[in-house]
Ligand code: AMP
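To begin, one chain is listed below as structure tokens, in the form predicted alone.
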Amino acid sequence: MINLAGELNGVKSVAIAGHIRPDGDAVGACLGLYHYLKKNYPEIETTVYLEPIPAAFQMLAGVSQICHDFEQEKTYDVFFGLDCSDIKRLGRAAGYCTGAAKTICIDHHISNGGFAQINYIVPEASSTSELVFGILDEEKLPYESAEALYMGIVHDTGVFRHSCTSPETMEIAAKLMRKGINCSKIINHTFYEKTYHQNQILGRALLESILVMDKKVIFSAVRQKDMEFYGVEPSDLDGIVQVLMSTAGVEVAIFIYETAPREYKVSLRSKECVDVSVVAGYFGGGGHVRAAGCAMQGSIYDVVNNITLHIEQQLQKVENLD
């Protein structure tokens, strides 16, 4: 656990940053901490650095204060790296980390080796937002922080459905709800609600999905030309892998989208038997036991064949135990 008051003693400037292509937990954790510091430490200059965030998150207070410009040269007394397993995953914000007098990492990725001077890493936690809540004084938590942290927990637990959801997670969610936040609005607007084009590309991904490995694995791929045709960005693809994962009888879902010719971003999800963080880690990625990702090169079939080989190895070990 981090003693936040102690770490901020005498501090004049703080930078907060999350991982590239920020998801709900990264945005929620960063804004949750930002609002808390702005209210309780107004004397500290606090800046949040994130890449452009999905449109659904624009409902949160403080999004207009997020800095997307990483070009300015500035050093900070303290740098917080949130929901980021590796300094490279900070993207262009990594320079503020290396230049800071003190660096603090708060994260729940099992693949995090601890890149900061002070590391608070709890792989068993549902989300980084849950961990950020734990270092704050609940009595001093502003409404805006509660709203952001609740959203972060909602997104990384799949609205409290994933196995990472613990009794402590639910207790923290209840405490955040008591701050008066509109839980239904947060869940519906940021998690379930999709644009017409997002639903179109989801339909395309489902229509072209394929079951392999005795129907234990499902995969689907979206090419750049598909994204251009439907007018969607990578952030519009969030949630597709989870829908694939809901297929009955499937143990692992693989979703791939093309980022450049013969280059792909791979998202992996599993139910019970496969540790996808190990699979992603083999290819230079990382994540959690049930949710992970990596980047790969080659053809779509090269990517799928290489990934399923490692999934098969884990499934065979389970079958041998049975």
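All residue numbers refer to positions in the sequence shown, first residue = 1. What you are looking at is a predicted structure, and each value in this text was computed from that prediction instead of being measured.
The protein also exists as the form predicted together with the named molecule; that form is not presented, and the subsequent description refers to it.
- Within this chain, Cys294 lines the site of the named molecule in the model of the complex, having a heavy atom no more than 4.5 Å away.
- With a 4.5 Å cutoff on heavy atoms, His109 counts as touching the named molecule in the model of the complex.
- Contact annotation for Ser85: at least one heavy atom lies within 4.5 Å of the named molecule in the model of the complex.
- In the model of the complex, the named molecule sits beyond 4.5 Å of every heavy atom of Ser270.
- Of the candidate stretches 27-35, 40-48, 55-63, 278-286, only 278-286 has residues with heavy atoms within 4.5 Å of the named molecule in the model of the complex.
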